[in-house]
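One chain comes next, on its own, written out as structure tokens in the form predicted on its own.
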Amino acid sequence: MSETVRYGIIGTGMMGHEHIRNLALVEGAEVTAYADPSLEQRWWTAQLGLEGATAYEDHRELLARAPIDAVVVASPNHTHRAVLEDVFASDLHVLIEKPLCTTVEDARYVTERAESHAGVVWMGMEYRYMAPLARLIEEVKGGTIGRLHMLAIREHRYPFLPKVGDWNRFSRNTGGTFVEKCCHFFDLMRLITDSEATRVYASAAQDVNHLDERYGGDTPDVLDNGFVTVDFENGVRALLDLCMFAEGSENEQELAATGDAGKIECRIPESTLTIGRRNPRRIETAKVEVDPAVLSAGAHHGSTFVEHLGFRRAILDGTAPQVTAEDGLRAVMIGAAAELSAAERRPVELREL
């Protein structure tokens, strides 16, 4: 393969556009085609300056006709399995936007298919590559805080944005908030703890957002706040604190990893990292710089750009993806367990899934 990798984008909503803008910053990357059933979305995509790129209404036509080496699947969550079945019929490399699928059954099916696929199958978990978070992970893995015992993740943000056809207002399309939005955080929990989840307990509700909205007579049913506690095999406890009516927050994400020798915190978009040591007690805070051009290319603190550097390198070198479909399945499982726990108001053992 030449050093230029040609990409097709399947699904040109907000995340499809973010991938296009970031690929424009990656040397040796070229978007040559995109597909979306929405005429309006195809029009907006044409405004991004993709000279020579061909627009398709149907992703299957793109797969059959477009001059591409890899695809990015950024279509609505509930379409992922069907789209990926078509992708797996080719030998194309593929980056799949989170969540892998909306159900554990579909995610397991895709994971099994990915194992025998000829191309690189990369799971899109952008949060791993946010610079302050990457530094936190590096420090924890390096033993800065001793043995990790507790991990706390807070996301206090704005409500779900409008999407084409309002598909993201209903759990049947998204998998539920803890699958759709929070699989990122459950992936981070697995990565940072270096362990697998055993038990999940969630207390959550839809208290504020979308209650006065109606779509075809249906009221949205997506959770907008909650706490999720996850126990891991190695004894580490992790907590997710989610609120989606908290636009007044100074930082959208805050993470704290605490061990027997100290604590590390990071804040986004403030982009700071604080390391606190116990003995002797010392606290230091540093700014983690990110290229402004990369920051402006998306809503994920520059991480989509870093993700694409890794995906492209795996394609060119023929190496394994850093984030696998199996990682995507595990994150969906924790999210599905959290949804079940919140609905039935009980702890859920991961073995139940």
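Throughout, we count residues from 1 along the sequence that is shown. Remember, predicted model here, so these are calculated numbers, not experimental data.
Just so you know, the form predicted in complex with a small molecule exists too; it's not on screen, but the next bit is about it.
- In the predicted complex, at least one heavy atom of residue 37 sits within 4.5 Å of the small molecule.
- Using a 4.5 angstroms threshold between heavy atoms, residue 300 counts as touching the small molecule in the predicted complex.
- Among heavy atoms of residue 274, none comes within 4.5 Å of the small molecule in the predicted complex.
- With a 4.5 Å cutoff on heavy atoms, residue 149 does not count as touching the small molecule in the predicted complex; it lies far away.
- Of the listed positions (228, 74, 189, 121), a single one reaches within 4.5 angstroms of the small molecule by any non-hydrogen atom in the predicted complex, namely 74.
- For the options 167, 245, 201, 88, the residue carrying a heavy atom within 4.5 angstroms of the small molecule in the predicted complex is 167.
- Per the 4.5 Å heavy atom criterion, the small molecule in the predicted complex is contacted by stretch 157 to 165, the sole one of 231 to 239, 192 to 200, 157 to 165, 207 to 215.
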